[in-house]
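Okay, here we've got a single chain as structure tokens, the form predicted on its own, with questions on binding and movement later.
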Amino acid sequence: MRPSGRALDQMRAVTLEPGACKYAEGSCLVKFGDTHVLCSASVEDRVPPFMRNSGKGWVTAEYGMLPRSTHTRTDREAAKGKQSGRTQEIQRLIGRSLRAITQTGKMGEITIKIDCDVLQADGGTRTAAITGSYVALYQAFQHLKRLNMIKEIPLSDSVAAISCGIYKGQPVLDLDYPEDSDCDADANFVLTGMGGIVEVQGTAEGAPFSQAQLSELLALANKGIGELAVLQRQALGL
């Protein structure tokens, strides 16, 4: 039934390649099928003005799509002089997701900035970005620990994200572009490795969907996040 031939609860092939960027304190090339995102973490010895003298650190993110990451070329947002609303919404989501599991009081007054660059898009770029960003963030904290700048990794849990949707009347896991562009409803779930809910974004593309269907999508998301958490631990050697 699915264009890819996958089972309803089957994810695309997912790979997490840590250390993909030579110069970054942490990095991960994440692939959800044909969606490829490079996530890199940079450490800055300062915090935003509103965080100064708080004793706490800050984690934030930026997101962008390369001009030929999609079927047709899109202009760079830098050339346009401003970011789109979609870009701003996604990078704020990534930042919120990472801060939800970061113990900023144990960081000291430093900032870790995650850059998520979409190399190729085939649906689910934001969920892939969040999943890979966690690996890059963890590596950045490992770097700081090696330098004795922190005593422990200040993360309370892992975090990952996955899309689910209702396609031709059936709940499915991990939408690719053909499904995402033709689904009855789609939702993005950001969950921790222990099952905590960070954020849920759900939209009916046609008729409203029911609470029972939402529960089915959440069950699929929990299955997917469980698989992603295992891959994250393997990528980090944990």
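So that there is no doubt, residue numbering starts at 1 and follows the sequence shown. Since we're looking at a predicted model, the values are computed, not measured.
The form predicted in complex with another copy of the chain exists for this protein as well; it is not shown, and the discussion that follows is about that form.
Q: Heavy atom to heavy atom, is F32 within 4.5 Å of another copy of the chain in the predicted complex?
A: Result no; F32 lies far from another copy of the chain in the predicted complex.
Q: Does another copy of the chain get within 4.5 angstroms of any non-hydrogen atom of E199 in the predicted complex?
A: Residue-level check for E199: yes, a contact with another copy of the chain.
Q: Closest heavy atom of E77 to another copy of the chain in the predicted complex, within 4.5 Å or not?
A: Judged by the heavy-atom cut-off of 4.5 Å, E77 is in contact with another copy of the chain in the predicted complex.
Q: Since only the chain is shown here, I'm wondering whether G55 would be in contact with another copy of the chain in the predicted complex (any heavy atom pair within 4.5 Å).
A: Contact check for G55: no, nothing within 4.5 Å of another copy of the chain in the predicted complex.
Q: Is every one of E44, S84 and L119 in contact with another copy of the chain in the predicted complex, taking contact as a heavy atom within 4.5 Å?
A: Yes: E44, S84 and L119 each sit within 4.5 Å of another copy of the chain in the predicted complex.
Q: Within 137-151, which residues have a heavy atom closer than or equal to 4.5 Å from another copy of the chain in the predicted complex?
A: Nothing in this stretch is in contact.
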